[in-house]
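Consider the single chain below, provided in C-alpha cells and representing the form predicted alone.
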Amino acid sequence: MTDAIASPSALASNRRKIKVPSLWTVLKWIAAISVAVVALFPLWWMFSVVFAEAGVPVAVNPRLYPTSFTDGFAKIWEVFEETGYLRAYYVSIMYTILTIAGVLLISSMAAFEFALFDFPGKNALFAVVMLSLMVPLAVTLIPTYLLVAQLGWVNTMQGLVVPGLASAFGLFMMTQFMQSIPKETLEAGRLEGANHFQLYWYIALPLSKNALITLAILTFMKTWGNFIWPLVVSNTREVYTVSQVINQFNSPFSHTTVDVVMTANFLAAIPPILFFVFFQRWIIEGVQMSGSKG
C-alpha cells in the first residue's frame, strides 16, 4: 500500500519533467494556426459553396460547411457539360507539362555552358539575357504574337508552348546552382571517356536536382494560371485553357449563379492542390535549397 503512494519528492520530480511551453512558443503556435486558418478558409468556403443547395442565397445559407453533395456533383456535371471544361483541362495540362519540360531542358543546357565553360562573348550575352528580365510583358506581347502568326501557330499547342520555353529567370537560377559544381568532377568525367553531352546529362543534371525541382515548381505556378498569352494566341474553344473558361464565368455579363461560378473556380484549383499534395516533399526541399542559395 505504501509503495502505491508516491512520495512528495517523486511528485516534485515528475512536475519538473513536464516541460511547460514558454510564452514565446505559445505565441508562435497561435500565429501559425492563425495563418493556416486564413490561408485554408477560402478553399474550405469554396468547397462548401460548391457542395451546398443550388440557388440558395448566401444571406440565407452562409455556407460555412457542405450541406448537399448531390447538388455539388450536379453543379460539377453542369460545368463539364456546358463549357467543354474537360477539353480545357487537357489543353492546360499539356500546356503546363510541355512548358515545364521545355524550360527545364533549355535552361539547364544553357546554364551548363554559362556556368562551367568559357567562350567568347559569354559575359555580354549573359548580361543581355538578364536585361530581358526588366522588359515588361506588354512590350514583347505584340511582336511575339506577330511572329507566332507568321509561323501559322495561332490556335495551336505549339503557339501556346514555344514562346514560353526560353526563360531568362530559369537560365539565371540554373546558372547560379551549376556554378557550385566542382570543375574537377567534370575533369574526372572526361578522364572516364565522357563526351560533352554525357557530362551534362550524367553529372550536371543529377547534381542540380533541387534546382530543377524549384524551377519546375515556379514554372508550374506561372503556366497553370497564365491568362494573358493564352487569351492572345487562342481564340477558339478547341484550344481554350482553364483560365480562359474561368474568365467566361467571371465576366460581368455572365448570368450564371454564384455557386456555379464558384464550381468552375473550384475545378481550376484542384490540379494545383493535387500538385502540392503529391509533391510537397520535393517542393519544401526545393524552396529550402533556393533559400540557402540566395
Partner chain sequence: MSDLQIKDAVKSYGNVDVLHNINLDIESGEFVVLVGPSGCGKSTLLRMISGLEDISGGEMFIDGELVNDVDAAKRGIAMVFQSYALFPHMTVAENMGFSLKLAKAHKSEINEKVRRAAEILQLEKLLERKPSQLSGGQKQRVAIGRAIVRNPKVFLFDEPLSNLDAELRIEMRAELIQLHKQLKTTMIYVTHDQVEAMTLADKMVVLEGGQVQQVGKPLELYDDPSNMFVAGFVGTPRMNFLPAEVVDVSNTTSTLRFAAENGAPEVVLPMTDGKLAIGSKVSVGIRPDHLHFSPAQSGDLAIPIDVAFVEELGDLTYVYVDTKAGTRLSSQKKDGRHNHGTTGYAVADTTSMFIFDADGHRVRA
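Here the structure is a predicted model, which means the values were calculated and not measured. Numbering follows the first chain given and starts at 1.
Beyond the structure shown, there is the form predicted together with its partner chain, which is absent from this document and is the topic of what follows.
Contact with its partner chain in the model of the complex, judged by any heavy atom within 4.5 Å, is made by just one of W77, F117, Y90, Y202: Y202. When its partner chain is considered in the model of the complex, only one residue from Q198, T140, N123, Q150 comes within 4.5 Å through any heavy atom, namely Q198. Taking non-hydrogen atoms only, L191 approaches its partner chain to within 4.5 angstroms in the model of the complex. A residue is said to contact a partner when one of its heavy atoms sits within 4.5 Å of a partner heavy atom; T185 meets this definition for its partner chain in the model of the complex.
Proximity of A168 to its partner chain in the model of the complex: non-hydrogen atoms within 4.5 Å are absent; the residue sits far from the partner.
Its partner chain is not shown here, and in the model of the complex it never comes within 4.5 Å of any heavy atom of L218.
Partner proximity in the model of the complex, defined as non-hydrogen atoms within 4.5 angstroms of its partner chain, places exactly one of 104-112, 219-227, 203-211, 79-87 at the interface: 203-211.
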